[in-house]
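Take a look at this single chain in structure tokens; it is the form predicted alone.
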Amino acid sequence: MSGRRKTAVLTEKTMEALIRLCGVSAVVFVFGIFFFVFREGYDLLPRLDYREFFTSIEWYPTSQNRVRYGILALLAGTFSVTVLAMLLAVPFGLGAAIYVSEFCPPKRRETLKVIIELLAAIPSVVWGFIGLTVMNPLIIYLFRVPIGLNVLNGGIILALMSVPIIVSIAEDALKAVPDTYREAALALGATRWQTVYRVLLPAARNGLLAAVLLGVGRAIGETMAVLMATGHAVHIPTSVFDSVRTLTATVAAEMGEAPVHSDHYKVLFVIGILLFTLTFLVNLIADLTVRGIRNK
């Protein structure tokens, strides 16, 4: 028995070490990615005109007369598409999660969950082709605009890409609420909708917030779909029918053409640093918000 006990203890310690290693490796990988991106772009940071970088809409990285690195239009394009996508995705995603979790019959629930997982598995380039070949002529026909590759097209495509993530995580958060909460609400005479609105949503708000923020992260970091669906024009949008260019699409489109270690090459990595920072801030705000909710 002593030999078996020693083996069991050794196995348990080995598994604990492996689990701890997996947890630490995630942190190491994140810092490794940031180090790689920062290493490629840090040489340009002291020489960069930050006022022009953040306030100018002139993006001419290969100009023969005067090179200009203004990303204001790229920031505006990124945020306009992301905001529109979230305005569409969050209500539909949370509504679908509530339906699947609380109102859907068991057989239909399993079918819908499989369909939602299949939507999440569609490659972004396929969504880009849908935006290019389906949404583009449809927007032109419905709204009588000269081109359908615009903020509206990109927002709809990003919303469709974000909804499966929001639905899956939000549904898990609602399912994690103990059944005693539902039973207590029903015992007090609450309807099913009152139970959802007054009991389940407040109890699951941490998970619902995480679902929404993961959807935001997906929208900000998406590349190929927005590259193909937004028109790729350096322009500050004044309506949803204007073509725009996002930060991620700029990196994807120009990285292959920029000479290695040139200023053009390095400024694309500076944009990568900016995207990394934006993602970090989104996660930090989410963490602080969840902690604030828990303290209340």
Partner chain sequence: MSQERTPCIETADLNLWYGSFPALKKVGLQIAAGQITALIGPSGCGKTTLLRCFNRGNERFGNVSTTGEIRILGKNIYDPDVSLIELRKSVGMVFQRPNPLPLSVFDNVVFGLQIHNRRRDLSRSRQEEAVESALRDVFLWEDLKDRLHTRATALQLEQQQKLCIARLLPLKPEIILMDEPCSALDARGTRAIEDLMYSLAGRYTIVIVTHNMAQARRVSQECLFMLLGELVEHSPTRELFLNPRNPKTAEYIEGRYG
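This one's a predicted model, so the numbers in the text were calculated from it and none came from an experiment. Positions refer to the first chain, counted from 1.
A second form of this protein, the form predicted in complex with its partner chain, is not displayed here; the remarks below concern that form.
Contact with its partner chain in the predicted complex, defined as a heavy atom within 4.5 Å, is made by none of F53, R68 and L74. Contact annotation: Y181 falls within 4.5 Å of its partner chain in the predicted complex, judged by heavy atom distances. In the predicted complex, its partner chain lies farther than 4.5 Å from every heavy atom of T111. Put simply, V83 is far from its partner chain in the predicted complex: not one heavy atom of it is within 4.5 Å. The shortest heavy atom separation between L188 and its partner chain in the predicted complex is within 4.5 Å.
Checked against its partner chain in the predicted complex, the residues L138, L209, V199, L88 give one hit for a heavy atom within 4.5 Å, which is V199. In the predicted complex, Q194, R198, V199, A203, R205 are the residues of 193-213 with at least one heavy atom within 4.5 Å of its partner chain, listed from first to last.
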